[in-house]
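Just one chain is shown here, as structure tokens, and it is the form predicted alone.
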């Protein structure tokens, strides 16, 4: 076993490192009991992630992205949750741990950047204390050393006058600054895995780019693994090694980033890509949208879960759920009977167009759906 490198920013002690993937998720399922029935938020998700690599998890709101990240962390309600599958981190099974045992992993081994810093940061606690609290609890540093490391952390995430900012409350900072503080808190104890759940929500475009660049830089410098959760394929295009596309609780396509953009197979992935506004388009160009809404996770459709919105859908899509099958490129898997770019996919699209199931090329619910 190799010793983990010390981090100059935090100075935390070296920890043992295991061979093989850092994170392994196998058939992870998270369902919620409600008055309407069982909500299948995450439904049989599997993937692995190595040290120093970044996985992008992409999908619309309600696709299960955030529940997946919280399921991996073990941040779930105590009641009305049905959870199964395996989550192995550095060879250790996390789903078997108690909440007290998970607290020794949160922050130290796995950090998390939440969507909204105003809700993840304590509004009545000064920034400095929110950073030093985890340092003192997990690493046992004294007050002076904790302050020194907190200043170094704020400086590393690009906050000007970091010593002065230690005395500020979250409401005194801008949205971008608050998100930088959230990242500093997540990185304080030098985790080996960082979960970033929609880290640029509600930020303007310029600040979004700065935050994403910051995360990428910290990930490289610290040799962390990172899971970047977002609804925007454009965000993960140049910032991830691999992308998993989620729809209705399942991974419907997963591939190395370049492969996904050059040879996508799942119509849902194609629809997500088409919905991204393009700078080259003229002003007032109509945006492409995915018609309809994601399915009700209590009453899921039979067959492929995307078929009511899919321009390629055929009778088989309504009757049979496609398995996760391998493409020709290693590491590329997808769920579709009529994949994009294949003869079967082109024939299905042409058939729907001839039979009037498409409106000006936009996907609509197939006839009889």
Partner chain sequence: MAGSGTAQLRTGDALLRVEHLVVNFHAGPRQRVHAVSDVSFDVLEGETLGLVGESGCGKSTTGRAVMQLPRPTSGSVRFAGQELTALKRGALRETRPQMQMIFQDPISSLNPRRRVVDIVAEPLAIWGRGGGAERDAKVREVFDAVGLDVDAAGDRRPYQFSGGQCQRISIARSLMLDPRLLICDEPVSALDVSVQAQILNLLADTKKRYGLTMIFIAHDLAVVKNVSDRVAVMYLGKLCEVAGADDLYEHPTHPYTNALLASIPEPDPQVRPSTNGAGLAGEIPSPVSPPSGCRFRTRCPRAQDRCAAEEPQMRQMRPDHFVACHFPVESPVSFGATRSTASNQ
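Numbering follows the first chain given and starts at 1. Computed from a prediction, not measured in an experiment: that's the story for all the values here.
Just so it is clear, the following notes concern the form predicted together with the partner chain, a form of the same protein that is not shown.
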- Note on the structure: With the partner omitted here, the residue among 80, 285, 84, 98 that in the model of the complex has a heavy atom within 4.5 Å of the partner chain is 285
- Item | Interface membership of residue 206, the partner chain in the model of the complex, 4.5 Å heavy atom rule | yes
- Query: Going by a heavy atom distance of 4.5 Å, is residue 140 a contact of the partner chain in the model of the complex?
  - Reply: no
- Taking heavy atoms and a 4.5 Å cut-off, does residue 239 contact the partner chain in the model of the complex? yes
- Evaluate residue 163 for contact with the partner chain in the model of the complex, applying a 4.5 angstroms cut-off between non-hydrogen atoms, and reply yes or no. no
- Query: So which stretch, 272 to 280, 221 to 229, 85 to 93, 144 to 152, is the one near the partner chain in the model of the complex (non-hydrogen atoms, 4.5 Å)?
  - Reply: 272 to 280
- Query: Judged by heavy atoms and a 4.5 Å cut-off, are 210, 234 and 258 together in contact with the partner chain in the model of the complex?
  - Reply: yes
- Task: Could you list the residues in 169 to 188 that come within 4.5 Å of the partner chain in the model of the complex, counting only heavy atoms and keeping sequence order?
- Result: 174, 176, 177
